[in-house]
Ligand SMILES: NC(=O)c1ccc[n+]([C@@H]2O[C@H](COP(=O)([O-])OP(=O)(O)OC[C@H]3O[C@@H](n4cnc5c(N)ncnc54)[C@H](OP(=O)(O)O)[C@@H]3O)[C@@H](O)[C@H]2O)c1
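Just one chain is shown here, as structure tokens, and it is the form predicted alone.
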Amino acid sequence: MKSLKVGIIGFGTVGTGVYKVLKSFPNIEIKKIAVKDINKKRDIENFDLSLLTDNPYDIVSNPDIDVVIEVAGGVNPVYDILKTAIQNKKHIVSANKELLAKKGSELFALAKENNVIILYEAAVAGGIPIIMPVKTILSANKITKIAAILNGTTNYILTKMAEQNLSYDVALKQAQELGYAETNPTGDVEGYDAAYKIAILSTISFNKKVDINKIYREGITKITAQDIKSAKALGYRIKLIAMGQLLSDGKIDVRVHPMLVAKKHLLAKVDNATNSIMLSGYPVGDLVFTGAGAGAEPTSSSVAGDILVLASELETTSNPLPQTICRHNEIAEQIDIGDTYNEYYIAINASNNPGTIGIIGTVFGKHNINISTIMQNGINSDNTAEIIVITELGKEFDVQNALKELLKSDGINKIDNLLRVMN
């Protein structure tokens, strides 16, 4: 059996995990590993230090290397490094969701020109197989909707807020202490990570290029313990949901934001750092993929799986996995969040005056918004009350205009939060 010669760029937690998995396969030969610090101590038994280089171009320009594994992350300088690799006729296996979401179109076009492929199973949901199933066994389907939990950090934080009645700050600190959240958690808690992933998944599912810059993104930093408590009382859990939907007119609705998810819904039952993806399509119907969405072992599983499939293909053909070649020539027409239709959870701080609820109903009605549920959370010491409203299906543009007018009304102090609802 001919061995596949690979180079690894990035040797942190994931890169080390990939190395440990691949070194046990006799048909995979790891030729070189690019690191930032050659002198850093590696917790790997009998590790050959001669494999290390601090120059990634030693890998992408090496004629003996067939495949470049990229697990370094980020866009710069990785984009230029991988461009060089592709121009040198090397296949790519990457776990880099940010790079693929921002520069995927350019890289896939370049790969097609150079007759190489890019595999990226690990980029969207860690150990959950989703990219290859969509591109292969599900390719006969017209996928119309994706609803997913794609970020384990935020799901862990929201789970602990719900289970232990923690504030957001306390739950975040706990997640950081356990290694679920970075010291700077912005990428996770502000929804960037989930946005990159839903951009990639929507592109391959709907066969249209989705622009990451046109995805509405909202994180979980405004979620309060009171929101969690109110949602629970109404029969919901709060989750950060990544959504993609192919509309009847061919336009695409792609967004990331917190949602109240009905407790009966499958995504409401996904807790801690677990990820879950729900796909709807014809003729397959509804599918759910659930598992570990991050971490060294799950991510290494997907990276190594891509490598082993590629090794098997290259045994018999110089044109491996043609179904993975990007053929998304059409640019998606993505709708603005203002044009979406949702049910809403709205927390309103108001003075405890007679007629306040009537004012809310009148203003909402004026803007074509029907109220399905209204609840008051007692009286505060300053004689204000938090009024929770759940609306029926309404247009985002109308809801936002209703809130602007409501804030001009007597006795309405502020809007504490607005969240969309999934039933």
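Predicted model, so just to flag it, every value in this text is computed and none were measured. Quick note: we count residues from 1 along the sequence shown, nothing fancier.
Below, we turn to the form predicted in complex with this ligand, even though it does not appear here.
Undergrad: Of the options G291, G187, G295, G305, which one has a non-hydrogen atom that comes within 4.5 Å of this ligand in the predicted complex?
TA: Looking at the other structure, the residue within range turns out to be G295.
Undergrad: Answer with one of K97, R255, H91, K239: the residue that has a non-hydrogen atom within 4.5 Å of this ligand in the predicted complex.
TA: Contact check passes for K97.
Undergrad: Test of understanding: in the predicted complex, would E45 fall inside 4.5 Å of this ligand by heavy atoms?
TA: E45: no contact with this ligand in the predicted complex.
Undergrad: In the predicted complex, is there a heavy atom of this ligand that lies within 4.5 Å of any heavy atom of K36, even though the partner is absent here?
TA: It does: once this ligand is placed as it appears in the predicted complex, K36 has a heavy atom within 4.5 Å of it.
Undergrad: Does this ligand come within 4.5 Å of any heavy atom of F11 in the predicted complex?
TA: F11: yes, in contact with this ligand in the predicted complex.
Undergrad: Considering non-hydrogen atoms and a 4.5 Å limit, does this ligand approach V71 in the predicted complex?
TA: Yes, V71 sits close enough to this ligand in the predicted complex that at least one of its heavy atoms falls within 4.5 Å.
Undergrad: This ligand isn't shown here, but in the predicted complex, which of 389-397, 351-359, 28-36, 372-380 has heavy atoms within 4.5 Å of it?
TA: Result of the contact check: 28-36.
Undergrad: When this ligand is placed as it is in the predicted complex, are S105, K142 and P320 each within 4.5 Å of it, taking any non-hydrogen atom of the residue?
TA: Spot residues vs this ligand: no contact at all.
Undergrad: Can you name the residues of 45-67 that have a heavy atom within 4.5 Å of this ligand in the predicted complex?
TA: Heavy-atom contacts within 4.5 Å come from P56 alone.
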